[in-house]
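Only one chain is shown below, in structure tokens, and it's the form predicted on its own.
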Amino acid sequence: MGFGDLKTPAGLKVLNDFLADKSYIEGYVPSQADIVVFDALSGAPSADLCHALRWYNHIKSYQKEKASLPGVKKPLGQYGPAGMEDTTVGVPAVKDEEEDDDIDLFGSDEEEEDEETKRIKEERLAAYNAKKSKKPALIAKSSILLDVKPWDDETDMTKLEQCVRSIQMDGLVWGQSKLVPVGYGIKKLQIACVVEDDKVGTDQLEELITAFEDYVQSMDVAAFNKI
């Protein structure tokens, strides 16, 4: 596993391809895995690496609360696509920012066992509640129509739409789109999507879409309807 050297174009290309169908490095929520990979980058990926740039801007918004994100940090080479050579061999594992310098030689096994027991109990309780429930939970959804405006009539609207659709999140489904003239030869992208209300918000979509600043001037909500 691994991405290679994330400070090189080759490493960034691997990261961009890896994130083409993923929102995060692991799982469906931001975690310490995202922080490890984010910290390995020297800066924001270029606009042509739209998947990596979308992920970078999203994780950047969590910098103030990164220590509280779930998961345990692992060496960089343990993340990424299978089959890639780990070029980070010899690099020490990432040290947690709040890691205590004192090493407890006697209590760690007991603490790990308590955490494991607690985890098993929580999993069993969740499975029991899921089995006991007869009615599926009602998921609140909304249909949203977005207006995405470019900078000028020379903006590549095909690339702009590709960047917008590269945003993949749990609870977000993109729909139909069309180009609508706004004047002076400029056209805006009008694109529909369906979101789960408790997972995706319009403010979050605006932040992610306008992050493609090479193509996007602004984003507005043209229509919003509960489903």
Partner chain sequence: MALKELSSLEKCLGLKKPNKYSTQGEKKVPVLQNNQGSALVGLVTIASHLVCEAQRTELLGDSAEQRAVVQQWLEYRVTRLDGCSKDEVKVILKELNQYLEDKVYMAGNCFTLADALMYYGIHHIVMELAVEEKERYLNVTRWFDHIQHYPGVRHHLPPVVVLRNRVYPSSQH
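Residue numbers count along the first chain shown, from 1. A quick note: this is a predicted structure, and the numbers were derived from the prediction, not measured.
Form predicted in complex with its partner chain: not shown, discussed below.
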Worksheet, complete the sentence: The stretch from 61 to 69, 158 to 166, 38 to 46, 186 to 194 that lies within 4.5 Å of its partner chain in the model of the complex, judged by heavy atoms, is 61 to 69
Fill in: All of L12, D170 and V200 within 4.5 Å of its partner chain in the model of the complex, heavy atom check
no
Worksheet item: Does its partner chain get within 4.5 angstroms of any non-hydrogen atom of Y215 in the model of the complex?
Response: no
Item to complete: Mark Y28 yes when one of its heavy atoms lies within 4.5 Å of a heavy atom of its partner chain in the model of the complex, and no otherwise.
Response: yes
Worksheet item: Would E207 sit within 4.5 Å of its partner chain in the model of the complex, counting heavy atoms only?
Response: no
Worksheet item: Heavy atom within 4.5 Å of its partner chain in the model of the complex: which residues of 24 to 52 qualify?
Response: Y24, Y28, D48, C50, H51
Response to the item:
A change of 3 Å or more separates this form from the other: in the model of the complex, the C-alpha atoms of D34 and R165 are farther
